[in-house]
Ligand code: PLP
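Take a look at this single chain, the form predicted alone, given in structure tokens.
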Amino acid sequence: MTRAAGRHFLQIPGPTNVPDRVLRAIDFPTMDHRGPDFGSLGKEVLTGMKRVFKTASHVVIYPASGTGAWEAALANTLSPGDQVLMYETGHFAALWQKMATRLGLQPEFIAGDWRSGADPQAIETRLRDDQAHRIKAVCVVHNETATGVVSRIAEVRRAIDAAKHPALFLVDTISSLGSIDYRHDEWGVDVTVGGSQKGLMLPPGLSFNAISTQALAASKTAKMPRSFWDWGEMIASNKDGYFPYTPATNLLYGLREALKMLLEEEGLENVFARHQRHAEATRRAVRAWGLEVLAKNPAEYSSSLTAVLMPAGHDADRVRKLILENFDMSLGTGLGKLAGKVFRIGHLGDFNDLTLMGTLSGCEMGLELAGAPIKREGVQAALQYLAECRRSPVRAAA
């Protein structure tokens, strides 16, 4: 086999690169998950995650992928046959809808174009029509990982309130948590779903539910079968920092280290500004190449990733293949309806200006190798923007 020199550039929108210090923390000797030291660890990470979600209420941590947290959100709050209003923002919204169907719920899917976020007005209109309040929950993906589009969660909450509808509000933040500003309490979300492998800079294996008082009350009467996902047992054990079953102990070591980096050393607001800066630099590169960002509305641009739309007749997967073979860099593939039409640049997690420039350079060279009709100006456009941000921090934060 031929050895590829240098580091592999993992620039998919998750799992992201895991910082060395987080890997070293995960490498600590496994402790007794019933002993006193573990109780301290459990309390520390649960408190830290409340700060990440910006909630004063309960957060539970599962040893699972984000898909598990999806199921936990539905299973704890709903009963078989309940109607659920969901919005088609992309591939992952469609997967959540498929899960709801398989669990015996009745999801209603508001159709979307995969280039826009959830439409608050459409949600309000549908809820106003539901005079009998048969819809028990509204489910929205905050940052659609397949498209690079962000839904305006605070506006969706206002739409639910304007309709005077009692439906619970469930939100997926798997690819936005720790990368894009999110406010569980302030935005009136009832259940927020998260995962460890993106903005939190950990390997896959931890998932989260942030739970409002209303959602917890609903869980007392919800009749969906649940055991592993049950909030009640988790919350009771978590009071003392423990779990009702064996947790992912070593990943929790890593989570403690990642929370220290995000909350204490860099600060969440600085983390969000950094992601915004890299996202804007990427979009400027895409436009300078003469290509199109998939997201249509600037108010819905993602700071976690950028989906790049290839011109007709050019296969995005061929571009990705050439970039991997020639430059040892992985980019995200197009999913579902977007297969072969887009490639996705992940710019989230433990990521800096030089990593971004290496990423964009690999993209530019790969696009040229693929014969894509681009201008060789994308890298320079990103460089110029990043230099302007360094000279004028106020502009970078705008």
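The first residue of the shown sequence is 1; numbering continues from there. None of these values were measured; they are calculated from a predicted model.
Another form exists, predicted together with pyridoxal-5'-phosphate; not displayed. Remarks below refer to it.
Check: Is there any non-hydrogen atom of W70 lying within 4.5 Å of pyridoxal-5'-phosphate in the model of the complex?
Finding: Looking in the model of the complex, residue contacts with pyridoxal-5'-phosphate include W70, since a heavy atom lies within 4.5 Å.
Please tell me whether any heavy atom belonging to L262 falls inside 4.5 Å of a heavy atom of pyridoxal-5'-phosphate, as the geometry stands in the model of the complex. Answer no; every heavy atom of L262 is more than 4.5 Å from pyridoxal-5'-phosphate in the model of the complex.
Although pyridoxal-5'-phosphate is absent from this view, report whether I174 comes within 4.5 Å of it in the model of the complex, heavy atoms only.
Result yes; I174 sits at the interface with pyridoxal-5'-phosphate in the model of the complex.
TODO: Check whether H278 has any heavy atom within 4.5 Å of a heavy atom of pyridoxal-5'-phosphate in the model of the complex, and answer yes or no.
DONE: Judged by the heavy-atom cut-off of 4.5 Å, H278 is well away from pyridoxal-5'-phosphate in the model of the complex.
Residue stretch of 192-200, 232-240, 293-301, 249-257 approaching pyridoxal-5'-phosphate in the model of the complex, non-hydrogen atom distance within 4.5 Å: Result of the contact check: 192-200.
Worksheet item: Between the options T333, S57, S65, S361, which residue brings a heavy atom to within 4.5 Å of pyridoxal-5'-phosphate in the model of the complex?
Response: That would be S65.
Open item on the list: Please tell me which of F92, Y182, W289, F169 lies within 4.5 Å of pyridoxal-5'-phosphate in the model of the complex, judged by heavy atoms.
Closed with: It is F92 that has a heavy atom within 4.5 Å of the partner.
Those residues of 116-147 which, in the model of the complex, come within 4.5 Å of pyridoxal-5'-phosphate by heavy atom | Sequence-ordered list: V141, N143, T145.
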